[in-house]
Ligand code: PAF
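Just one chain follows, in the form predicted alone, and it is written as structure tokens.
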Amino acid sequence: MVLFKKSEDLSKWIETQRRLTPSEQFFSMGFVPTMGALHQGHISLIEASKAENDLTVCSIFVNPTQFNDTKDFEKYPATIETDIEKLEAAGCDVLFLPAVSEIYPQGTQLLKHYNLGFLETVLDGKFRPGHFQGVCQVVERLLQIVKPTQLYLGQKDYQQCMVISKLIDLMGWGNKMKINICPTLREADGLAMSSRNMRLNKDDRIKAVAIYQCLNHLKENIKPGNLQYLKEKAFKKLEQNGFKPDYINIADAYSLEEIVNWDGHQKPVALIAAFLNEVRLIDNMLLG
């Protein structure tokens, strides 16, 4: 695995690889952007890219502009040596490990604003003001540096996947790059794999599975009609397990507009975000 810390060096190296590809052969490159603290969910994205591309690039960058809580940014887990070992074992070709100055050479003030419309007004857009602007700022910069043909994202960040898809349309890259949304990987008890799980103490780790149990309950019990009672029951279950939920919602899987009365045909997705002490966990599940 080749490691780059400078964007210019990485761009030049990738361009060399393109030129080395025979002219009659299409050069494909997969990209997996991460914030490190890697787990098997991240590695599954690397493996998916390896299976479909000539070259796989991973980035590790904890992006300061997407944290609306500075304490959350400061406590985000850093395990770079272990991350490198995992990427090498998975056969990742390139790791991009930039400093903040490489991603934001003009600083983090007065950055570009993105018109994300409705997506930025609901769920994490509502509860984490500015978060998705930060996501777009870093992802656009990374895509401009790497210029992949395929992008690999995890379904656990359901709304973020939709935001990044919107960003790519805003960039005019819809025909240049394919977005691959890969399934959420889970622990044996059902908890969605997440870097933030590292911050859970032993007791909270046991309680955390309640989110998955709530999602399963919604999936097993949804039926046409008003869905409010289902959401209220899930809310109470999380509170009983020590959570402070930001939201529990059932929405249209394609627009994220809330579904109040389900007709039995519209494709629903359940989305949950909740604090367990200081750790904020998110998860989702397609229903119906």
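Just so we're clear, the structure is a prediction, and the values are computed from it rather than from any experiment. Don't overthink the numbering: it's just position in the shown sequence, from 1.
Just so it is clear, the following notes concern the form predicted in complex with ligand PAF, a form of the same protein that is not shown.
K.L.:
Each of Cys182, Val269 and Asp283 within 4.5 Å of ligand PAF in the predicted complex, by any heavy atom, yes or no?
P.N.:
So, no: the whole triplet misses ligand PAF.
K.L.:
Using a 4.5 angstroms cut-off on non-hydrogen atoms, would Ile222 count as touching ligand PAF in the predicted complex?
P.N.:
Heavy-atom contact with ligand PAF at 4.5 Å: absent for Ile222.
K.L.:
With the partner left out of view, is Gln159 within 4.5 angstroms of ligand PAF in the predicted complex by any non-hydrogen atom?
P.N.:
No, Gln159 stays farther than 4.5 Å from ligand PAF in the predicted complex.
K.L.:
Residue-level contact is defined here as any heavy atom of the residue lying within 4.5 Å of ligand PAF in the predicted complex; does Leu256 satisfy this criterion?
P.N.:
The answer is no: Leu256 has no heavy atom within 4.5 Å of ligand PAF.
K.L.:
Is the gap between Met35 and ligand PAF in the predicted complex 4.5 Å or less for some heavy atom pair?
P.N.:
Judged by the heavy-atom cut-off of 4.5 Å, Met35 is in contact with ligand PAF in the predicted complex.
K.L.:
Taking ligand PAF in the predicted complex as the reference, which of Val138, Ala208, Leu123, Ile168 has a non-hydrogen atom within 4.5 Å?
P.N.:
None of the others qualify; the residue that does is Val138.
K.L.:
Only one of 258-266, 224-232, 238-246, 59-67 has heavy atoms within 4.5 Å of ligand PAF in the predicted complex; I'd like to know which.
P.N.:
After filtering at 4.5 Å, what remains is 59-67.
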